[in-house]
Each structure stands twice: as C-alpha cells, then as structure tokens.
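One chain follows as structure tokens, the form predicted on its own.
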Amino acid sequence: MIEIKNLTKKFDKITAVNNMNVKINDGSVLGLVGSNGSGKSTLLRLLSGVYQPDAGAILVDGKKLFDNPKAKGECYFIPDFPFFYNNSTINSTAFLYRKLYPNWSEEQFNRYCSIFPIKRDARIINMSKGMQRQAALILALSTCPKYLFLDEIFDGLDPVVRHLLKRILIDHVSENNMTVIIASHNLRELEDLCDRVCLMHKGTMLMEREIDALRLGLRKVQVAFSEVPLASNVFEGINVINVWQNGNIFNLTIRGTEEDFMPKLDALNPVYISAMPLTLEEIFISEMGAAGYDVNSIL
C-alpha cells in the first residue's frame, strides 16, 4: 500500500503539490487527471523518490520512500520524456538493470523483447518517440515492479500498441497484484483501464473516487418544455453543476442519482427528459468548471 500523508512540494514560490492525502491499495490502477500544471508529474516524481518532499511523507508498505534503495527497487517510473544515454540500447540498459533491480526477470525481458517490435541492439536515442516509450516499457516490465508509475505513457503509441499495453498492465495487476499509477490527458484510455481516478488542480486533490461511483454520481440531462417555467430558478432543489439553454431546451449536468432528481424534474411538467451517464472527459470538464477553471473561455 502507498500512503500519502500531508504531502507538499514547492519550487521557489510555486507549490506544485499542496498538503495531499491519499491511500492507494495494492493491485489497483489509479489515474491521475487534472489541468496543466496541476502537479501530476511532480506527484509521480515524489512517489518514485526522484524528489524529496518539503513536508509530509510517502510511505510504501509502511516505510518512507526517499533514500530507501530497497523500496525504490520495487518501484519503476517512466517519465513523460524517458531518458537514455546517447549509446544506450535495450541490451546495454538491461545489463545495468540486472544489477539494480532485485526482481529483474530474464524470462519477462525476453518475452517483451519478442512482443514489442524493437531491435535490442539499436540506439534508443535514434528511435521515434513511440519506439522509445516501447523500449522504456520493455525495461520497466522486466524489473517486475510492485509499483509502476507512468507519465503520459500513451502519447506516441499507435492504437495496436496502446491496446497491447493495457492488456499487459491488466494481466500484471490481476496476476502479480501490481499497483499502477498513470498520469494522462488521454481520458478515454484511462476510462478503459483505471478502477479509480484522482482529479488534481493547482497542486490540490479535488477528489479521489472509483470510476464507477463517479459515473453514477453525475448525469447529463436534456429537458425540453413546451413553455419554460416562469420561476427565477427553474431547477431549484436540484444539484445542477452546469446548465446551457437553447430556447425551450435545457442541457444540464446534475450531481446525484436519477432517483433523486427525476421526480423534481417531472414536477416541472417537461415534454421530454433524457438522462445519460457522463464520460470521464465530461466529468473532468464539469468538475474543473465547478472548481473555478474557466472551461468556457477555453472551449
């Protein structure tokens, strides 16, 4: 288990992570989503021991991570831009990792080298962005990490490799109880893979929730009237997060279950009501708007 307690990290006057608290259970896949500069990448670097917290602590299986080689040996971090030396190849990097990572598996290494179409003796720095990510994934998975941290890992991967990666990660989580934390702006990919999501904004965690529960808690609703009610607040008593009106038609984002709000909408005598669950991307936009993010000026 990973426990994040009152975690804070600052860079000069900028607070990248601000007093964050969260527990991440073993064998789970957590998605980190948020606005640009929300602190996702900084959090991953803190979790992997690259950065030292300014305040608070990260506990991995009850032990502090920073300056703990044993704990770091069970963690692997692939940053947004994986670093390789100029002459690094998959084979030469594997030679180094065999000595650094106690759980290194030669069987897994040979397996992933056969699955991903990359030459083991080619210079990684000369490869395309997508191929460099595949090289990083081969090496990461071969260390058999207990905790795998991925930053924008889907960026640059073609659809076939993205599907392959998700299948591999799901297999590792189910078979080896591996914990995966993925920061990504590709919410469609996270929706298929993660069981929980953490929404970050300006260094704080707005929420951390199961994706299924998140979907159940928000609905997009379209309501049409023959005549719009004259009340100043038509939807009073309903937890409406966002509303857009086009004549007699209202498009709403409502927090709550249909059992909660449908009777109240029916009481307004509409001619038409339609309610549907939101996608993860729609949830992200709604929650960021509720947090004061100026979504409308961007969209």
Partner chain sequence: MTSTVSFKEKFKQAFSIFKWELKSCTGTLVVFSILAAVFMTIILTLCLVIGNPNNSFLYPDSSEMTYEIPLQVFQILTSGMIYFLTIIFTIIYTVKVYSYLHNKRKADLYGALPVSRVTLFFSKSASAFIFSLFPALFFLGIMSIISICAGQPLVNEATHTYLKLVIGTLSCISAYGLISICCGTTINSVIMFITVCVAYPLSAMFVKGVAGGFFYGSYSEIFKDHFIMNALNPLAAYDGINVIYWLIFTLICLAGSAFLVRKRKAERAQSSFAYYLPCHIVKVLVSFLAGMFLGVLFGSINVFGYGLLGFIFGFILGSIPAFIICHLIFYKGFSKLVLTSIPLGGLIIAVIVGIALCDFDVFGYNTFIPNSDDVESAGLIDTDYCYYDKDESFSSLTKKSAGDFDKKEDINTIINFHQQYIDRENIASIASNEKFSNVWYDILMNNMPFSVDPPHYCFAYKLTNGMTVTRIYAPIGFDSIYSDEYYYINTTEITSKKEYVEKYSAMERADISNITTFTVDALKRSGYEGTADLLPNYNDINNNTSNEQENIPKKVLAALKKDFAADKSTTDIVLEPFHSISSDYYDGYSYHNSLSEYSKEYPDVVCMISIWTNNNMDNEISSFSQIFLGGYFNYHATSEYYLIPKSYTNTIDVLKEIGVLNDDLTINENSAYY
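Numbering follows the first chain given and starts at 1. Keep in mind that this is a model prediction, so the values were computed, not measured.
As for the form predicted in complex with the partner chain, it is not shown, yet the points below apply to it.
A heavy atom within 4.5 Å of the partner chain in the predicted bound form is found for one listed residue only; from Asn242, Ser28, Asn248, Asn68, this is Asn68. Note on contacts: among Phe154, Tyr101, Phe109, Tyr147, the single residue with a heavy atom within 4.5 Å of the partner chain in the predicted bound form is Tyr101.
Heavy atoms of every residue among Ser48, Gly62 and Thr93 are located within 4.5 Å of the partner chain in the predicted bound form. Listed stretches are 51-59, 32-40, 261-269, 229-237; the contact stretch with the partner chain in the predicted bound form is 51-59, by a heavy atom cutoff of 4.5 Å. Of the heavy atoms in Tyr97, some are within 4.5 Å of the partner chain in the predicted bound form.
Among residues of the shown chain, Lys72 is one whose heavy atoms approach the partner chain to within 4.5 Å in the predicted bound form. Put simply, Gly217 is far from the partner chain in the predicted bound form: not one heavy atom of it is within 4.5 Å. Using a 4.5 angstroms threshold between heavy atoms, Gly130 stays clear of the partner chain in the predicted bound form.
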